[in-house]
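Only one chain is included here, represented as C-alpha cells and corresponding to the form predicted alone.
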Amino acid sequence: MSSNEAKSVTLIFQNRVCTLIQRFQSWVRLDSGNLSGGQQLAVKYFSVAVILFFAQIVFGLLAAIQFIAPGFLYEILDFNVNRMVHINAMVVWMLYGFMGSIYWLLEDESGSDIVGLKWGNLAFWVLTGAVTLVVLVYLFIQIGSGTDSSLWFINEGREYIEAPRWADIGIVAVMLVFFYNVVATFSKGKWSGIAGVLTLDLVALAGLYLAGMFYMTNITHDQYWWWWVIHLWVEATWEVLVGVIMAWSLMKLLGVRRKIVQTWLYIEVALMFGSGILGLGHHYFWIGTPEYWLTIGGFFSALEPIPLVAMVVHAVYDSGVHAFKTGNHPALAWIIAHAFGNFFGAGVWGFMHTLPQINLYTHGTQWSASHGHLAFFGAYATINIAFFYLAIQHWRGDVWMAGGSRNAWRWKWALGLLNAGVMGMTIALLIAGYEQSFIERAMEGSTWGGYFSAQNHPSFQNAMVWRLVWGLVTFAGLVLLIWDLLTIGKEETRKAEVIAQAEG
C-alpha cells in the first residue's frame, strides 16, 4: 500500500469513527452544558468505570466457564489471565468510581471551583492510558519466564496489585494530583467535617499504597506488608471513602441534616481504624507470624462489623425520618442496597470465617471468594452506581426521576438482576467452599490428594455451574443498567422536586 493510499484509509477510518460518535451523542442526548468543570471531569471517570465494570463481568464469566471446562480457551486466554483481569478491573473501576464521586461533590461541598482542573484532566488521561496499556500487556505478553525486568514492565506477581512497577509510580503521581486538587479546593473554599475526614483518608490511602511497593526476600515479611495494602485499603480507607460519599449523597437525596451524617461519619472513622488495623491480624494466621496474632486477629475481627452496623442504622434512620422522600428513586434504591450489602457482605460474610478456629478450614477456599463477591459488590459497586444515577440526572438538566418516571422498569429490573445475580453467586461459592473445607481440609487433612478430591466432587462441580448461571444473571443486569443509564430521563420534561436540606 502506498503512503497516499494509507493516508486515505486512515482518513476514512477517522471519519467513520467521528460519525459513530456523533450518532451516539445524538442518541443519548446528554447536554454537557449542564455540568461544571469538575462535574465534566467526574463523568469521564464514571464512563471509564462503567467500561471496566463490563470488562470485570466478562472476564469473570470466562473464568467461571474454565472452572467447569478447564480446556476452554487453553493457551489462548488462560484461567490465570482471566482471573487477574477480572480482579484488577474490579479494583480499578471502583477507584475510578470513587474519584469521579469525589470530583462530583467537591465543588458543591467546598463552594469553590476546582483548583488544578487542568492537572486533574491530564491525570485522568495519563491514568486511563496506563490502565489500557497494562491490560493489553496482561492479555498479550503474559508468556515466558519472569526476570527482574518483568517486575518493571510486565507484572509484579502480587495478587490484586499486579500492575508493573512503572504503573505503580504513575498511580502514585496521579493520586498526588488528585490529593492536591481536593486539598487546594477546600482551602480556597470552605472546610467541613466531611472535607476533613476525606483529606485524612486520602493521606492514609496513598501511604498504604506505598507499603505495597517494597519487596522483601522473606516471604512472611513480604506478605505481612502486602496485606497492609489489601486489607487496610479495602476494609479501612475505602470504607471511610464510601462513608464520605454516602454522607454527602444522603444530604442531597433526602435532605438529611449535616450534623447527623457528620456525627456518624466520625464514629465510623474511629471504629473502622480502631478495630480495622488490629483486625488485620486475621490475615496473619497462616503465614508464619507469632501465635499471639490468633487471639488479636480473632478478637478485633469480631469488632469489625460494628461500624458497618452503624452505617446501616444511619441509612435506615435517615431515610425513615424523611419518609423516603427523594427526587431520585434509582439513586436512593442503590444507596439502600449499599447499606445492606455492606453489612452482610463485608460484615456478616467476613465474620463467618475470620475466627482462627474456622479460618483453619476455610482459608484459601471458595469461602473467601463468596465473601469477596458479596463484600465488594455490596460495599463499593452499589454506592458507585448510586452516584452514576445522581450524575445522569443532573447531566440531563435535573429532570424528574421519582415516582411515575418513564421506563422505570429498567432500573428496577437492573437493580433486581444485579443483586440477585451477585447473591446467587455468593451462595453457590459458599456451597463450593463448604465442600472444599469439609473434604479437602477436615476429611483429608489438607493433602494434595484432598485438594483434587474436593475439586472433582459432584457437589463442588454443581455449585460452580450455578455460579456461572448466576454470573449470567448478573451480566444481564449490567447490560440493562448500562441501557438505563444511557436513556433514563431522555424524554422527560418535568423537573425534579428540590429536596431542601434540614437545618443543623
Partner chain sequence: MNETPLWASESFWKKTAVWVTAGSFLILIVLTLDSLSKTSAGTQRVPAYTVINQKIDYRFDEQLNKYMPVIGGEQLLFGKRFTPEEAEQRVTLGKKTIQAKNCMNCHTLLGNGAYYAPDLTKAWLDQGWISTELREDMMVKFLMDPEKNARTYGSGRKMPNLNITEDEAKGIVAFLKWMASIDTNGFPHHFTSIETED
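From a predicted model like this one, the values you see are computed outputs, not experimental measurements. Numbering follows the first chain given and starts at 1.
The form predicted in complex with the partner chain is left out here; the points below concern that form.
By the criterion of a heavy atom within 4.5 Å, K188 is excluded from the residues contacting the partner chain in the predicted complex. Not displayed here, the partner chain is approached by E159 to within 4.5 Å at the level of heavy atoms in the predicted complex.
By the criterion of a heavy atom within 4.5 Å, W466 is excluded from the residues contacting the partner chain in the predicted complex.
The partner chain in the predicted complex is not approached by R406, whose heavy atoms all lie more than 4.5 angstroms from it.
The three marked residues, W228, L280 and N456, each reach the partner chain in the predicted complex, with a heavy atom inside 4.5 Å. Checking A184, I267, V137, A130 for any heavy atom within 4.5 Å of the partner chain in the predicted complex turns up a single hit: I267. Scanning T354, T365, S110, N328 against the partner chain in the predicted complex with a 4.5 Å heavy atom cut-off leaves one residue, T365. Shown alone, this chain has one stretch from 435 to 443, 23 to 31, 470 to 478, 47 to 55 that lies within 4.5 Å of the partner chain in the predicted complex by heavy atoms: 435 to 443. Scanning 445 to 461 for heavy atoms within 4.5 Å of the partner chain in the predicted complex gives G445, S446, T447, W448, G449, Y451, F452, Q455, N456, F460 in sequence order.
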